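Two forms of a single protein chain come next, each set out by itself as structure tokens; they are called structure 1 and structure 2.
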Structure 1
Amino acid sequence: MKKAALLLAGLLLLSAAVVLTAAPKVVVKTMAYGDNSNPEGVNWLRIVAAFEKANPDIDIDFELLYDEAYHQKVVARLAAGDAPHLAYMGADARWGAPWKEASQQFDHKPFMDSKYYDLKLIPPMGPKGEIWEIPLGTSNITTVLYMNQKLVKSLGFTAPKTYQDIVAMVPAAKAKGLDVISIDGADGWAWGSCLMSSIIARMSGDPNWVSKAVAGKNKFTDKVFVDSLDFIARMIKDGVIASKSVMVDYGANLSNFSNEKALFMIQGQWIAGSIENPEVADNTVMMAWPKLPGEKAATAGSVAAAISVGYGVTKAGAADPKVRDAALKFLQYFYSHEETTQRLRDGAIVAPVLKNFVVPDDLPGLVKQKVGLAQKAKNTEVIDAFLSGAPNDTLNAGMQKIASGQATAQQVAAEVEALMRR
């Protein structure tokens, strides 16, 4: 009995000693982006597990959310004063606005190893050249025209060089029961980010027309913007885009293209890895919009692109040097050459922002095309990188109204301008 008591006391003392001498873990509260079924989420879970195994003194305490759920939670947490230490974020009007408003942006530049990151590929995000987040890749092209080359060829056509070339395909496509261009027109943002951003730059010849309009140097009621909006009505009238597109959501758009129900698809570069039909993926060509009627030479062949989103340490995370260093250590792991290669293969990024990165020879064809497009095409502004809130919502819904014949370009332009200057 006495021996058992002594043994018990000894065990208790040992346990207490272990607990007291063990270094406390550094907890990095993180808001991650993805879900358990998409590559972003699956890779996140895998990376965190591997990192924590290699760094047992660091706990990446994360919340994994996707799409609207992520945006809602960011706003709620920041408003509640519960800012995470590390988060998926952007630097523009959509992805960066909550962090900027909550003064949670933290300049990573002084902490970034210039031998590891290629700082020339990371654009300045703040007024003094600050880097608020480490982009997953180089600029994020939002206005890609995906072409099913095999399907186009089967109708007796080749890759279009002008808009009229696409119009010429309409009768043949209709006869086969195919859509010419599929767009997820039920999503308001798709009209702005993936279509109108290109049209306004092409029509105006000014890659920065949108930011100038937001700053008041251009007006949304200017003829060039009204004409650009009117081009949507023309595309519907020409049968290039079906008016029913306003009822097609993101998943249905991808499915239409993957299942060969459309010759072309409008979307951003990020969707390239999601074309699940391997035959279609192998026959897909990623291209900038062909020459549009009335476009200016200065922006011919351009694509709209925004600074890529990525992960960044917040002011809350940077407040404690231990947490900040742990978060930066994790970021270095997250942006490793191996993980970046995986992101390239998944089609999640255009090109890496790492120095001395060796692009593997065996990358899928679509990924190589994406890199080519990024290198060739001039970049112009994405509308919702500058325009936000009610004016942006009204513009997006307005384009849907134009496409469904409920409003004219002049009406939508006037409404956006009024909201912008209120």
Structure 2
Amino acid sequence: MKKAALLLAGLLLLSAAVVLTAAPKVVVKTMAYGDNSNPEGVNWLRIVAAFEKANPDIDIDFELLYDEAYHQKVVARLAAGDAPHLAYMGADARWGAPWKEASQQFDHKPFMDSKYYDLKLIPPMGPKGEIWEIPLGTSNITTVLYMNQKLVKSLGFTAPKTYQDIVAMVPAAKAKGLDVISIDGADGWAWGSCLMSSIIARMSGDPNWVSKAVAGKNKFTDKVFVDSLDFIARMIKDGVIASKSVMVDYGANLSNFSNEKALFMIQGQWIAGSIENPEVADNTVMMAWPKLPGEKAATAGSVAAAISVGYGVTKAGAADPKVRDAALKFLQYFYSHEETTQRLRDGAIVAPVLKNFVVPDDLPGLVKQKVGLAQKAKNTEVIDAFLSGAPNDTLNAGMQKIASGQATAQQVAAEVEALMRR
């Protein structure tokens, strides 16, 4: 009995010692984006559960919020000094500014496995090339020129290599009652995000011209910007875009292209999956704008693209190496090939940022085209990722006025510059 009691006591002491010496879980306090009913939230819950099961020593302690509730909570937590270790964030004014103002941006670049991530597909986000978050995918291309290849060929033309090639299509298109290029000109943002963002980058040769102008290093009254604005008037005069386009909204623009009323359509990459006519979709080519008159070689063939949002470790999270490494391990799991492929299939991203990613054969043709365009085209800035408020609103409305002949490029540029420097 005595031996049995001593043995039991020894076992209890050994068990207690094991409990006392077991390493505690590494807790990663996280602000996640989504809710229990949308894809972002549902996928987040599933991925976290799977990760924690595979890594029982890590606890992803998250708060899941969506839309304005998320942004409001970010501001509130940062103001209270309660910075999370990991959060959904970006690099622009809406998704990145709160973290920048709170000095919570952390450079991931030195810690990213270059054999896992294709760093060439992730644009620099800071002045020294820092990467503040790992984007869900390549940048969101806003300046796609969609071409109905079959319709263009039916008029005796091929894919344009220059702007003049598009102008050459005007007489034949008009004879058939077709628009050459359709744009939802009733939506002011479309002129800026989907057209002008590409033009100013091409004309200036500087992919960062807009952010430099916002910072005061360039002026919106500079000749290159005025000339870029004036290109809208030239397109109207050449018949490439119709002046009536200022009355066309988003849905009508898509309908015009889907119903073969236009050879080309201006919009962002996101509209590719909305082309309803299967025959048109199968014959659509997604392309960067062809060579523009006066464009610089440094930005030839470029597309304007906004850096994608994603998840990033904060300075608070990076302060403890164990928390930092646990968060980075989770992110690599979150950005796995399987999960990235699903986002690509769902249309949630343009293209993956994973190294040597092989596009599945069963993906729709336009999805494959998006991946190809994102991987090969040089990215330049999207205007409204940097210009906001009254200056941006005035620019968008001003481009509509230029298209309808109610204002000149010089007048619009002067008004934007004046508002910017107030």
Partner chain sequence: MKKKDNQALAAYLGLVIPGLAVYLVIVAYPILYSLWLSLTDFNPNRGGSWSFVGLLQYRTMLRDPAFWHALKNNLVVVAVSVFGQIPIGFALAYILFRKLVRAGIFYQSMVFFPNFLSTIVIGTLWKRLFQADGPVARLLQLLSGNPNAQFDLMLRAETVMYPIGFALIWMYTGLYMVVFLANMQKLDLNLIEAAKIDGANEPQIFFRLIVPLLSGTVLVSTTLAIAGSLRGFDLIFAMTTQGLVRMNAEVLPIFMYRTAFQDYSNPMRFAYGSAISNVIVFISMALILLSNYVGRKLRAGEEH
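A quick note: this is a predicted structure, and the numbers were derived from the prediction, not measured. Counting starts at 1 and follows the sequence of structure 1. In this text, rigid core is short for the largest set of C-alphas that superpose within 1.5 Å between two forms.
Of the two forms shown, the one predicted alone is structure 2, not structure 1.
Under a division of the chain into two rigid parts between structures 1 and 2, the C-alpha atoms of Ala175 and Asn356 are best fitted by different superpositions and thus lie in separate parts. This chain moves as two rigid pieces, and the smaller piece turns through 37° between structures 1 and 2. For Val309, the Cα shift between structures 1 and 2 is 4.6 Å when the rigid core is held fixed in the overlay.
On the core-superposed pair, the CA position of Glu40 changes by 9.5 Å between structures 1 and 2.
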